[in-house]
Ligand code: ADP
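A single chain, nothing else alongside it, follows as structure tokens in the form predicted on its own.
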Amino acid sequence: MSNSTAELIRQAIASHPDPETGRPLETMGQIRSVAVDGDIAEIDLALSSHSLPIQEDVKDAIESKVVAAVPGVTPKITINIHERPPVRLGQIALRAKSVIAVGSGKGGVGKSTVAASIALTLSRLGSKVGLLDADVYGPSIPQLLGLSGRPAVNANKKIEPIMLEGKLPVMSMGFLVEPDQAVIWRGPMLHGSINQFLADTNWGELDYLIIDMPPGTGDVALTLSQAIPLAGAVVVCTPQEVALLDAVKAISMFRKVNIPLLGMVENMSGFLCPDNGKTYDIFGQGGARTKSEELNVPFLGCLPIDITLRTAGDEGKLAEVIASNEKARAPFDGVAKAMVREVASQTSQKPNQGSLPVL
């Protein structure tokens, strides 16, 4: 009886797509075991660290399929981590599974804080993450993360990124110029620096490379679209109409260069006053959600104005707050998980057909 029930369960979940590749779990060898003891079904699954941010989603989906297929059985799901080999992306041998651009139509909407916080959140949730500050003219990632120093060049002539807490590689023009110096470059030099940051930096093997884009609709997006296939772009805006108009231009730009839209994020979405507990919609309310529906772009979530995060960014302690302050990081948890869900959804529509090994 247990063997036949276990087989029914395996059949019920065999076609469930792996969030990373979009291919069925069974064909990828990711259903490690199914054992039934009475009314308890123990299922051992293997996911890569790329999928860890949404592992609870996977558990819930598998549980629903098991309950539907075998009523009366209570599934207990264990997820183990396996490693996948690095992949080559486009013209540049970049060992990152998903490259994600974070952009905005205008400056001053908190794009860099959102990009850094998404990277920190994905890392905290178990993924291997790198952060590239491609805002060459106004790099702010070093300040937000409290990082300094000059990147070294190793024996293989690769740039060694500055490591945050020994596990998150970061590269920025801010490490290469003095704080009071301006970068005055024309397009070709900008194009060359972005390609160098991508190709000549020793990123290691990453699940996600988050790229903090320059604001506006310049040619960095075109450079990236030509160099590597991006998993998609996230557009950050604030609720007021003037910001939304520029966000629409950013969305149009990404679409013109064939970069998929993973979604919009509404930043500075209300301020919860610590003195009276009231919420004030300083920049309006819900504009990004409404605009995302109009443009058929996923909406990833709202991020309120948070004095704790603002202070942390000014003091170079953003990573510390994301790691330790559950209330402050909660909105970013929601945004990061929604983004990974969208990556998985788009992957499932075009499953990876490459020669990935059975695990």
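The first residue of the sequence shown is number 1, and the count goes up from there. The structure displayed is predicted, hence computed values, not measured ones.
Keep in mind the form predicted together with the named molecule is missing from the figure; the text below concerns it.
This chain appears without its partner; in the model of the complex, the one residue of V136, A101, V109, L147 with a heavy atom within 4.5 Å of the named molecule is V109. Among the residues T201, S172, T113, S127, the one placing a heavy atom within 4.5 Å of the named molecule in the model of the complex is T113. Using a 4.5 Å cut-off to the named molecule in the model of the complex, not one of D57, A61 and V66 places a heavy atom inside that distance. For the named molecule in the model of the complex, the listed stretch (22-30, 286-294, 35-43, 299-307) containing residues with heavy atoms inside 4.5 Å is 299-307.
Residue contact check for D314: one or more of its heavy atoms lie within 4.5 Å of the named molecule in the model of the complex. Residue contact with the named molecule in the model of the complex: M268 places a heavy atom within 4.5 Å of it. Interface membership of S140, defined by any non-hydrogen atom within 4.5 Å of the named molecule in the model of the complex, is confirmed.
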